[in-house]
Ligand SMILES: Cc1cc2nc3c(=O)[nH]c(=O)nc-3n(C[C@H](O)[C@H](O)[C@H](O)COP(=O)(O)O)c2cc1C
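In the block that follows, a single chain appears as structure tokens, in the form predicted on its own.
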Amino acid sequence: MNPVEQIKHSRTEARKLRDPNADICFLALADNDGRASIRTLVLRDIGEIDFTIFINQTSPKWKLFSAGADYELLIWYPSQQHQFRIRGTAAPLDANTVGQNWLRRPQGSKYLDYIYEDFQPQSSELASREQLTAEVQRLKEVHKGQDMQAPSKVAGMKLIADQIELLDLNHEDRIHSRRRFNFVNNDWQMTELVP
């Protein structure tokens, strides 16, 4: 069994069922002191063994990735009762791929990338929400939607899986199925786990 194909299948089913988690994931990172942080992100793409997310170089998560932080990606599809935990290595996406994908982002997200670049970095403190909305309005007057290009700090990461755990909660007896898959010699090796 290929766990990445199972994730793709579960995602397709989740989309059909309008699962609110169909296009999101949860990224956990640990800094060098072992402090963990978790955030919700859009899961952009799923490749053969990799998962693509887009982030901004002003964000704390970029700094953690740049410092070599370990990550765990969690995908949870309530409509499928499937949870996937993914670990591995991370590599930045090339600027051309980032730029092409950025053009497909929702307009509001594009303006946020301009905020990070021109106003304040992601996760920095604001005096009020009104300060943010006023800056977005100013940017809308300066940058018209069709003319916008990806700011220089827009980035992406390819999370390359070498371990995936699948927890399947679809068992009436509440004795769930839990399997771990390790990518060894270009193949997935499965181990059953006690749930």
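One-based numbering along the sequence shown. The structure presented is a predicted model; accordingly, all values stated were derived computationally and were not measured.
Unshown form predicted together with the named molecule; subsequent notes refer to it.
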{"item": "Within 4.5 Å of the named molecule in the model of the complex, all of Leu112, Leu139 and Val142 (non-hydrogen atom)", "value": "no"}
{"item": "The named molecule in the model of the complex: contacting segment from 157 to 165, 125 to 133, 66 to 74, 35 to 43, heavy atom within 4.5 Å", "value": "35 to 43"}
{"item": "Heavy atom of Ala150 within 4.5 Å of the named molecule in the model of the complex", "value": "no"}
{"item": "Close approach of Phe54 to the named molecule in the model of the complex, 4.5 Å, heavy atom", "value": "yes"}
{"item": "Close approach of Val184 to the named molecule in the model of the complex, 4.5 Å, heavy atom", "value": "no"}
{"item": "Touches the named molecule in the model of the complex: Leu17 (any heavy atom, 4.5 Å)", "value": "no"}
{"item": "Those residues of 9 to 24 which, in the model of the complex, come within 4.5 Å of the named molecule by heavy atom", "value": "Ile24"}
